[in-house]
Each structure stands twice: as structure tokens, then as C-alpha cells.
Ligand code: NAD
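Below you'll find only one chain, the form predicted alone, shown as C-alpha cells.
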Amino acid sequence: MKIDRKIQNFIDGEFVEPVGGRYLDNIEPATGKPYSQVADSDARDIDLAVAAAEKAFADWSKKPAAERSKILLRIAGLIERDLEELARAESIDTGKPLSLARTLDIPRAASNFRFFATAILHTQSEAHITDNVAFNYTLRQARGIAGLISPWNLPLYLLSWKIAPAIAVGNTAIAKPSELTPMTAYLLCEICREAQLPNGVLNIVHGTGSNVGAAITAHPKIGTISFTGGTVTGKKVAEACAPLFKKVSLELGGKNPNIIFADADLDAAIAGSVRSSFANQGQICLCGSRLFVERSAYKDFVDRFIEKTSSLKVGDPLDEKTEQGAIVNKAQLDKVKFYVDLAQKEGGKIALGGSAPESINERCRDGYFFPPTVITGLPVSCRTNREEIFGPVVTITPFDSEEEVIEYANDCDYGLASSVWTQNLNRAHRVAERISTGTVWVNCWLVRDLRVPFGGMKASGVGREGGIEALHFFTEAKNVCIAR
């Protein structure tokens, strides 16, 4: 197969070859074949990016907020202009349905730039009179170079969520997209050039975590690290950053509970649960992969949930009618298959799915596909119910009381997000307060407000991003005390 595009690094406003001259094949999940190549960079490329970011910081950090805002707004507008091209690139890169990339990922990436572009125009600083002795005020200043490492499942959405606040407040940035899904980051660089973002403010270096990610976290001049990815890798990032006293935000894995009480609007709960279980083939850290249903509603819910799930169309991601695309790569597909086999060994019953589809179409005959899979009959404490699968696999378990389901929901190392479905307002408040997750959705899922803090508890992460929390994360607070 002819590979007609090389994805180069973007350093100091230019597309450049990796120093080592090496490239990795970029595999299209739907076909299992390479369709481009991506730079396989190393620490030498990070050194070049650091030099460019360091040089750009002096001017960019002093630029008035209104000027930085205008540039970020131009980037947002160009993302919206190029929505179709970006959505198609994301669909090819990730295997997600084109319709999902078009309606969710790319619009939210534009919204990220637009939100933080305007947020910096409305920030405020604290001031205090101290017993008529002194006047104190707080300065928030850009910290320097930010290292931004994003995952493969929402490549432009999550990358933009890091880039936008980091550069909005005056930092310069070195970003590493996943080597599995680099294309939208590459296209973003073209957009940033067209928007006239000054050279060196954003640098994107492609490559593996062991080469590029490790070099970013270890570099002494990159003082701020924002990482989204798996918990195992997050531990390594924390270990590398701790001796250097870097400021670190870690958004890690999830094994999210979805709780349905018998008094819920079952039509809404079923529709919302199918979406939260299988959006992007279950490859969203916020997906509800553990469903707990009150026993009196259990049979009705399971029957209707399976019926609705079975109607989801698995197919070529580029087909407008496809609702379930491809798993991102063979390793992830093998992981999904492993956990389905494990679930059966642990006593689970495959109520739907459980094996790869026979055929999609000729183009996709070698792609990485797995259908939505529903498993019942598993104990709450089994591995399948405790370990992150990150695929289209959900378990459904009955419960008898509010106290019991809260215990079930919290019986997990993760604490990223949860959903609660009930029409009892008092119960909604009680349960939301007691579930150990960073976000609790009530009668909804994935409703986003960029003003609120976002992050996980327990093994799901450290720190908070979103809204003012993100602006504070990427700045250093300094107190100035003036005697009166």
C-alpha cells in the first residue's frame, strides 16, 4: 500500500522531520492497514521544542490577554470551518463513527478554544486589607513551558482541552498526541499557522510514550505536566515528575457505575445508559461500564436495554449510518476479547454480543471490530467488574437498597464519574454526595459545562481541569503584600 502522507513534528512554527529520521506506520482501525506515517521522535526532538517554546515565552506571556484571546478565537473559527475534514480524519484515525466525530469531538474542540479565549478576559484577582497594616493582592502569572500529553480516544477534543487554557494564560506548550491517532493534531498545527499563532507557542512532537512522553516528563525546563491516559502510565508520570517538583495533573482511568432506581424514567434511563455504555465503542474514560439496576425494575430494564443495544449498527466508520465503529488497534481488541473470556470464567452470562462480527464490508474485512456486549450474573467483586476494559462491554447487576448500591458503586479502585437515574430529588442528592467519583450525572450523561472542575478520585487521577481550575493550574499564584 502506498503511504502518501508523513505526519511531521511541528516545532517553532514549522513542520520538521524527526531528528532520528524514523517513522511509525499509522494504522486505520477499520481496515487494519497503514494509511500514513507518523514521526517516531525522541528526546532530541523534545530539546528542539523546548528551545522554541522557551524563546517564544518571553513575548507570548507579556502579550495582552485581549490579543491572545483574538488568536484563540481565530483557531476556534478555523476548526469550525474545517469541521468536515477534521471529522473525517478523526474517524479514519480512531475508528469512531464519522457522525460522532462530526457532532461531538470536533465541535467540542472548537468550544474549548472559544471558552478559554473569552475566559481570560473575565478573570479576577483577590485583594485583602490586613488589619490596616498591609494591603495584599494576588498575581497569577504564566508558569513557563507546559507539557501536554493526550490519549487516543478523543484526540482533538482532549488535546485542545489542554492546549487552550495553557496558552490562553500565556504559557508556551509542547504537546504529545497519541502515536495511534496523530492526524487531527497535525491538522490543528496547520490551523494554528493560518490563525497566526506566534512561532514556538505551540509545539507538537509525535512518537511513543517511552520515547517522547518520558522525555517531556523528565525535561527540567518543562515545569507543568497535564496527562490524560491509563492509570499505569499515570503512575510513571507521577514518579518522574515528583523529584523535579513539577506541577502535575493526571486524568486517568475509570470503571464508572451507572445506577438505575426503579422510580427512574426507564425510557430515558435506557436510552442514556446505551449511549453511556457504548459511545465510541465504549472507549471513553467516562463511559458507564457497570450498570446497577434496582431489582424490581431489573428484568424489564435488561430486556429493553438488550433490545435497544442490539439495534446499534456496527459498520464502516465512514458510513453515515454506522453507530459502532472499530476498536482503535489490535492490542485493544485483544484486551476486550480477554475480558469477555474472563467474564465467562468468573460465572458471567453473555446476554448479547461476545464475539467479533463475521463481516462488515470488503474495505473493513481486516479491521478491528467488536459488537456491543452485555454480561449478566457476575459478582460485584470479580475482576471484570473492577478492572478497566475500555471497550464495548458492560455488566448489569441487580441491587435491593440504596445503601447496597452505594457500596457496590464505591467497591472499585477508580472514581472518575457516575450516573444516577431517579425521579426522587432527595435520593439524587443523597446518593450523589456519597458516591466517590469526581463527577456525578443525575438523569443524564456527558452533559458538559466548561466552567466546572473536572477530574477523578482514587486511582482515577490527581488535580482538576476545566474552567477556572484549568486557568489556575496553568498559572503560578504570587502574593504581593504592601505595608500601609
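So that there is no doubt, residue numbering starts at 1 and follows the sequence shown. Because the structure is a prediction, the values reported are computed rather than measured.
Separately, the form predicted together with the ligand exists; it is not shown, and the next lines address it.
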- Query: All three of L266, L352 and N443 touching the ligand in the predicted complex at 4.5 Å, heavy atom to heavy atom?
  - Reply: no
Per contact check vs the ligand in the predicted complex (non-hydrogen atom within 4.5 angstroms), the hit among 270-278, 143-151, 78-86, 93-101 is 143-151
Residue within 4.5 Å of the ligand in the predicted complex by heavy atom, from T123, S210, T118, T130, is S210
Residue within 4.5 Å of the ligand in the predicted complex by heavy atom, from I174, V394, I167, L158, is L158
| task | Answer with yes or no whether K337 is in contact with the ligand in the predicted complex, where contact means some heavy atom within 4.5 Å. | result | no
Checklist entry - Taking heavy atoms only, is R74 within 4.5 angstroms of the ligand in the predicted complex? => result no
* Is F227 close to the ligand in the predicted complex, meaning a heavy atom pair under 4.5 Å apart or at it? -> yes
Answer yes if any heavy atom of P257 is within 4.5 Å of a heavy atom of the ligand in the predicted complex; otherwise answer no.
no
Checked 252-288 against the ligand in the predicted complex; residues with a heavy atom within 4.5 Å, sequence order, are L252, G253, G254, C285
